[in-house]
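In structure tokens, the next block holds one chain alone, the form predicted alone.
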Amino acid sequence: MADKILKKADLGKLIESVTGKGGRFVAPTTDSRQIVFKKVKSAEEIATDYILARNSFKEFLFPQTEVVAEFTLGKDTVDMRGVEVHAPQTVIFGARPCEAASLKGMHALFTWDFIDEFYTKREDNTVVVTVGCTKADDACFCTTVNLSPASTEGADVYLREAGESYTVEAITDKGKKFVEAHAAVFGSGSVKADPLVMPEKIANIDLAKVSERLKDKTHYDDKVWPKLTRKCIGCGACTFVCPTCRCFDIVDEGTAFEGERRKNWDSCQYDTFTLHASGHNPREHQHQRWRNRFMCKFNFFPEKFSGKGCVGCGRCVRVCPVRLDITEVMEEFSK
């Protein structure tokens, strides 16, 4: 039961309330026959019958490309100018609990040895509204990494389907303020939430064993890597849809007289990612690059930031053109 409810018929009013105050409302919508997170202006645009959006909402906090500085070249000087962070008030609606759990790790990284305001200012101005899952597919494995559709980590407001309404639970102070700011839309009442679906935990996966084996440096050149990942083509699709992948590059783009310094998404799956100026590449082969991604998920990142490198959303499994399944590698390293 819940004291606060949101009627699905009132979603349009919530969008108007948010956008009327200058904010943007981001939700899953259908685009080219796929469910993707996009800015919406009406409730009719919002998709409700979906398991997971194709893309992660991380791109609204950490854009695929953005200008971080501008420069002008003089005869003997370079004039470098910083730019203001564009961080509009944003509501992410309809996110799933698995990907919301990625925010702790993202925050840890972007505030680690330097406060990256291009991320933190957006995070500060974003309210994440998750909806518990009532359906799943074979690619979902959140329970295997100790999450579930009932998880509230990373959520400001947690909703559950309840027929023609949602039950509403404000998790954080930011979430409570959001509900209060739009009190005219959120009603009071008690409704029974629909059952959540719990993906079956993969029995042969033991995260503790995976972690311990990856810490053992004798397995660094294990022959299992080329065996399991030989079909990887290095397209990088898995990294771009993953809510916890956050690699980027800084490049200067422009003319001989002026230009922009940009932060662009990058991928550890590309052969140029670790290519040295000398021509040497410490990860010359694709299985070495895939190994790095797996070790980052289950060893490097959890050890350094105490966050989840993988949230079990299954996006990488869904988009991989050669069906390389990360859970199969997790099973192998659980032996």
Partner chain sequence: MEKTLRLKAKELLESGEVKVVIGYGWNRSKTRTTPVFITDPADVDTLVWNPLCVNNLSLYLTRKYKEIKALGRPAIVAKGCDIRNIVVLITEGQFKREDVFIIGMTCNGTVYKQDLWKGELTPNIMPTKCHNCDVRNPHVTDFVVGEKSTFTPPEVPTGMVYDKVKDLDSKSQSERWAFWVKEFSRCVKCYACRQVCPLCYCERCITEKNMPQWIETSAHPRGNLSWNLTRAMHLVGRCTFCGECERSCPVNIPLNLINQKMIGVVKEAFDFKSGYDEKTHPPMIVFSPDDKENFIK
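Numbering follows the first chain given and starts at 1. Predicted, not measured: the structure shown is a model, and the values here were computed from it.
What follows is about the form predicted in complex with its partner chain, which we do not show.
- Screening 111, 72, 172, 264 for any heavy atom within 4.5 Å of its partner chain in the predicted bound form leaves a single hit, 264.
- Just one of 232, 210, 168, 91 comes within 4.5 Å of its partner chain in the predicted bound form, counting any heavy atom, and that one is 232.
- Segments offered: 306-314, 293-301, 44-52, 59-67. Contacting its partner chain in the predicted bound form at heavy atom distances within 4.5 Å is 59-67.
- Interface membership of residue 30, defined by any non-hydrogen atom within 4.5 Å of its partner chain in the predicted bound form, is ruled out.
- In the predicted bound form, no heavy atom of residue 258 sits within 4.5 Å of its partner chain.
- Proximity of residue 79 to its partner chain in the predicted bound form: non-hydrogen atoms within 4.5 Å are absent; the residue sits far from the partner.
- Of the heavy atoms in residue 323, some are within 4.5 Å of its partner chain in the predicted bound form.
- Proximity to its partner chain in the predicted bound form holds for all of 202, 285 and 328, with the criterion being a heavy atom within 4.5 Å.
- Residues of 128-160 placing a heavy atom within 4.5 Å of its partner chain in the predicted bound form: 138 alone.
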